[in-house]
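Here you get one chain, nothing else, as structure tokens; it is the form predicted alone.
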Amino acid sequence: MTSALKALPNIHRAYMIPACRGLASHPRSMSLWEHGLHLFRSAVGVVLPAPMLRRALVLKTDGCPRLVVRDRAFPVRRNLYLVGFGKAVLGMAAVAEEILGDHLIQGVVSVPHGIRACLQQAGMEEMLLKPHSRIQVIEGAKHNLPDREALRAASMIRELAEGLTADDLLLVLISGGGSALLPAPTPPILLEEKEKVTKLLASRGATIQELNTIRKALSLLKGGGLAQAAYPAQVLSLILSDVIGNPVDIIASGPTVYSSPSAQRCLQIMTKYNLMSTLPRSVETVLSSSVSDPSGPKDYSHIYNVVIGSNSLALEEAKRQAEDLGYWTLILSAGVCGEVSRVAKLYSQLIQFVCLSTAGLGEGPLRDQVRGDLLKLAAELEIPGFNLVDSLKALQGLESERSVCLLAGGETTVQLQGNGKGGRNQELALQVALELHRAKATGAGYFLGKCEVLFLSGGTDGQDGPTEAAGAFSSQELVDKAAQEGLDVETFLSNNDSYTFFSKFRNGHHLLLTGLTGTNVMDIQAILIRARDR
């Protein structure tokens, strides 16, 4: 296997071109790794800012100039302002300014640290603002954590919004990562205190919904705070979703959606993760008081929120590409969630079921045992949109030795037990490899060995945790091959040290390295299975 970085030195450029309709080599002569990388690249390519924004936002100049978004028209007469925050916002802002022209008066966007240099180095000038742009760019939230620069950007965004009148239109661009890039703690909370609380919650496995509930309660601009600040101006919010189910009140903690979490709910979350005794006094003060603000608008009729891109859109494109490569393809869910070890077990059992089915064992006690284990685990995980019964029926009826591609998306969680370095995608890939290794000792192991298997998990933003990798590849042979190099997979997993493992194993050749992609719609997982050549 060749490393993703060496195989595609211009991978960022590759994201910008339309997905290939059939590759140069015959699909059978290509490795599963090449197929997996192509599917990931295609999935990311379709949710890049430029194509999404141009589909969503149109400036019509016949008669009275107006912005048209879906079924709504917004008159414009040099009264347009722009703010944005998130990992995909720089590219969104560049396209928006091109569309809006002289109608745009001023803008401020908060984007990830280092993204301009990364995009420039990759030759992605179309995602960069032009010289003399009316939009000010502030980079912050290094490693996706709130910092002083992000706080400065939030203050400038708030100041701009508060200066608007009823005659103005505020265009708000929101994408994944927006929460960390829009930190404005409610006094007397300090930024460091808010960061401590959110890091503690994340380390104990809190869901994105729970994290954002707390963020709203501790923030001036989240939970509709930005919308209140902009009142009475008209607000048009274009959203690239990085949350399962695309709930606009959760994405970036809903700065343009009124959502006031109760103090009781916040305290329940803190109690659930046993954090009450470790909270800073300022956080206790804010959480113990009412977090609702009786002032400001009640109906929020001046706000129009539109989701313009999501994980489902990326998965559909990957499915089209996989079918062009000859795979029988199934999208499992765009809402995969849960702790990585449980999700890895589910994927391992699905792989075993496919190997049994493609070997012609669609019936029998072994297949029934794997099926029963799958149904039990799926019921425990409660993954949104995952109809396992129908999926297993479809897989059971496959032709013998048919190549199979299973696709999924979402966002898993990691229970931190060690002090290693990694991210949820790398940990998931490594955990899947361990589960497949263990499966070799079971009755299904013989049939597993008759198949080539590739598992890929990657973050569409190109950054998995505090690492430069987007994710990783794995297979059922990985654990044995790692042992030959003196690397014990279980030891690395127990220390949450997946990045260190993949960096050492085969000189990092199993890492998925893309650099920042300029977009973010959660994670993509691909399982590729085909019969081994006789």
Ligand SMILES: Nc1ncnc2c1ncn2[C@@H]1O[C@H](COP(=O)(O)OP(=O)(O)OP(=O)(O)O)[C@@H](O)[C@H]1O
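A quick note: this is a predicted structure, and the numbers were derived from the prediction, not measured. The first residue of the sequence shown is number 1, and the count goes up from there.
What follows is about the form predicted in complex with the ligand, which we do not show.
J.: Any idea which of 365-373, 415-423, 320-328, 271-279 reaches within 4.5 Å of the ligand in the model of the complex, heavy atoms considered?
T.: This holds for exactly one stretch, 415-423.
J.: I'd like to check something about residue 520: if you look in the model of the complex, is any of its heavy atoms closer than or equal to 4.5 Å to a heavy atom of the ligand?
T.: Residue 520: contacts the ligand in the model of the complex.
J.: May I ask you to check whether residue 465 falls inside a 4.5 Å heavy atom distance of the ligand in the model of the complex?
T.: Yes - in the model of the complex, heavy atoms of residue 465 and the ligand come within 4.5 Å of each other.
J.: Since only the chain is shown here, I'm wondering whether residue 476 would be in contact with the ligand in the model of the complex (any heavy atom pair within 4.5 Å).
T.: Answer no; every heavy atom of residue 476 is more than 4.5 Å from the ligand in the model of the complex.
J.: Is residue 411 close to the ligand in the model of the complex, meaning a heavy atom pair under 4.5 Å apart or at it?
T.: Answer yes; at least one heavy atom of residue 411 falls within 4.5 Å of the ligand in the model of the complex.
J.: Heavy atom within 4.5 Å of the ligand in the model of the complex: which of 396, 228, 207, 144?
T.: If I apply the 4.5 Å criterion carefully, the residue I get is 144.
J.: Going through 495-510, which residues have a heavy atom within 4.5 Å of the ligand in the model of the complex? Please give them in sequence order.
T.: Only 496 sits within 4.5 Å of the partner.
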